Structures are given as C-alpha cells and as structure tokens.
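This document starts with one chain, in the form predicted on its own, laid out as structure tokens.
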C-alpha cells in the first residue's frame, strides 16, 4: 500500500473515526484504524463491534492495499505535522509516514484480522437537513435512561413515516418528543420504528460537529438514514456510521400524554429559568422539589421551595394564566432541562393536577413537547 494525502485531510478523517477505537482485552486490534486504499479511494475504518465508522478522504493511491495501526498513535502524530503533503507506505509490518522533514515508522497488524463492517440495503432512504437533525437530537437525547434495567429506554425511538420523523426519549420521569420533516422514497403510510442507542447518536452528533459551514455545498447539507431489520446506517458527506439497533419493544409513551388540561400558563422563559434556579437553592436534597402554583384569576405563577436546612424561597412571576386554581410539584433539574431545550422567549405550561404529568411547549411551536412526572406529596 502506498498513498499520499494532505495533513488536514488525514487529520480530520482519523479524528472522525478514532473516537470509537478503544482498548479491548479480548480483541486488541479494535484499538486500530484500518487504512484501506483501492481504486475507489482512501477509506479509514474503525469499529467497536456495536458500531462502525467509515470516512473517505481525498488523496492519491499509488499502490492499493490495506493495513491497521493504533488509532491514537496515528491521530496524535498526524496532528503534530505541518499542513503539507503526507506519504504513507506499508512495508512488511511497518507503516511509514513521511511529511517534509518528519518521518516515522508505526508498527501495526494485518488487515485480514480486522472485523468486517456489515453492509445495509440502501433501497429505502430518509433525508434530513443536518442542522435540523442536530437540533432535534439535542432536544431529546438528554432524557434517555442511563439505567440498563430497561435497555430499550437507553436509546431514542425513531418513528419514520411518509410524512416525517418523530424522535422520542424517556427515562420514566420525563419525556421528550420532537417532530421533523424528512424526504423519503417510501410510498406506504406505515411507520418504521427503531430504537437507536444513545451512544450511537452521541457519536453522530460528534461527527456532525466536525462539519463546518461553508465546507459543504447545498446538495451535501443532508444526513441520510437507511434502516434494516437490526441495523441503521447514517451517511453524511464522506462519512458513514453503521450501528446495531436496540432489540426491545419501546413503550407506547403516547398513553401518558394528557389529552386535555385544566390550567394553561404562558410564561417568560428567561424569568422562569431564573426563578427556578433561585428556588433550587432551597429545595430538599435528593428530592430537588420546587412548587409551582397558579392562583385563580391573578395571572401569576408562584415558584417556591422549603428546606429545613437552608430556609425557603418564594418568587412571583407575571404570567398569562387560564383555567383552574392549580399547582404542581416537580423536580427542578428536569424542569430546567426542558426549559433549556424549548425555543422562543415564552413557554407554554399545561397542567391537569399534581398527580398527572405536566407539559411544556414553545408558545409558537407545536413540534416539540416535554413532559414531566410530578413529585407526589
């Protein structure tokens, strides 16, 4: 194998793929990156057996071949080189890397021992704008479960349809749901539902963050999804990420979303966040409770908390309130998470009673919903 490329191309490519390469006592080769040079170009490949990443970089292939070297060693070394042409050549069990007055030899392992990356049928696709997808993911991924007790809740539910994509996540204490439009070639009205691990989606976000505005043209500004029975493939620009899906039945979360409400409040989001943070100082440790009261006919929301150790806090905010005299006790951390992911200056809060989940929405956008289970007194 003999190839040449620019330092910037190799540095970016190795950065994209190397994050999932790690220490594996049983399979040390998984710490390596597979460099594959063929007539189709130069591919950098890594896998942790749960997911695999392939990044194609620009360069010249003089001699076809493939070889694996430690991903961290290659990444650390290449990042120190000047942004000039780099020559890579494999001889025997050594990869020689040369650039101007820099020359190094890296020991590696033969590519035949590297696990194969599975391929997915690309007949059915779904496309979405990169920035829209990043924003949608950020609005749901924080509320996945971190406990393996119910493995399906450690991922995000993707419900693809002809009309769009719905993302949902829950840890049983709160729920996030985001709806976005997608382009697809499916004809049926049936939904395709899959649960994608949060680890995979964090990796997708990391890869998307490497793409800078102005680097891609309008036609490339999309991420494409391909779904199979037990795997998902994301493709963006010159990178592909393939991952196993979570095998499990995601709960029908729509059953816990209240269909009606008894009190609706429109609140300035910035002032609401400030008041919640003030009350959080006096919430009970381990409970994180804050009280939200909506007195009848006063167009106010009263945020309060009491602790036998630190004292108490009461804050009154002006708000547009319609409906019954009402109140609810919630975990302030969950409430702040939701508020921080709602766009716009105002937030709409819908309440039934203190035994029923309350809902947060943007005042002007119905495509995002955040639900919190109340703390029962």
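These numbers were taken from a predicted model, which means no experiment stands behind them. Residue numbers count along the first chain shown, from 1.
Note that the form predicted together with a further copy of the same chain isn't included here; everything after this is about it.
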Can residue 77 be called a contact residue for a further copy of the same chain in the predicted bound form at 4.5 Å between heavy atoms?
yes
Report yes if any heavy atom of residue 285 sits within 4.5 Å of a heavy atom of a further copy of the same chain in the predicted bound form; otherwise report no.
no
Close approach of residue 316 to a further copy of the same chain in the predicted bound form, 4.5 Å, heavy atom:
yes
Close approach of residue 275 to a further copy of the same chain in the predicted bound form, 4.5 Å, heavy atom
yes
Three residues, 81, 101 and 311; all within 4.5 Å of a further copy of the same chain in the predicted bound form via heavy atoms?
yes
The listed residue (162, 91, 107, 298) that reaches within 4.5 Å of a further copy of the same chain in the predicted bound form by any heavy atom is 107
Exactly one residue in 172, 235, 228, 307 has a non-hydrogen atom within 4.5 Å of a further copy of the same chain in the predicted bound form; which is it?
307
Pick from 132-140, 267-275, 201-209, 151-159: which stretch has a heavy atom within 4.5 Å of a further copy of the same chain in the predicted bound form?
267-275
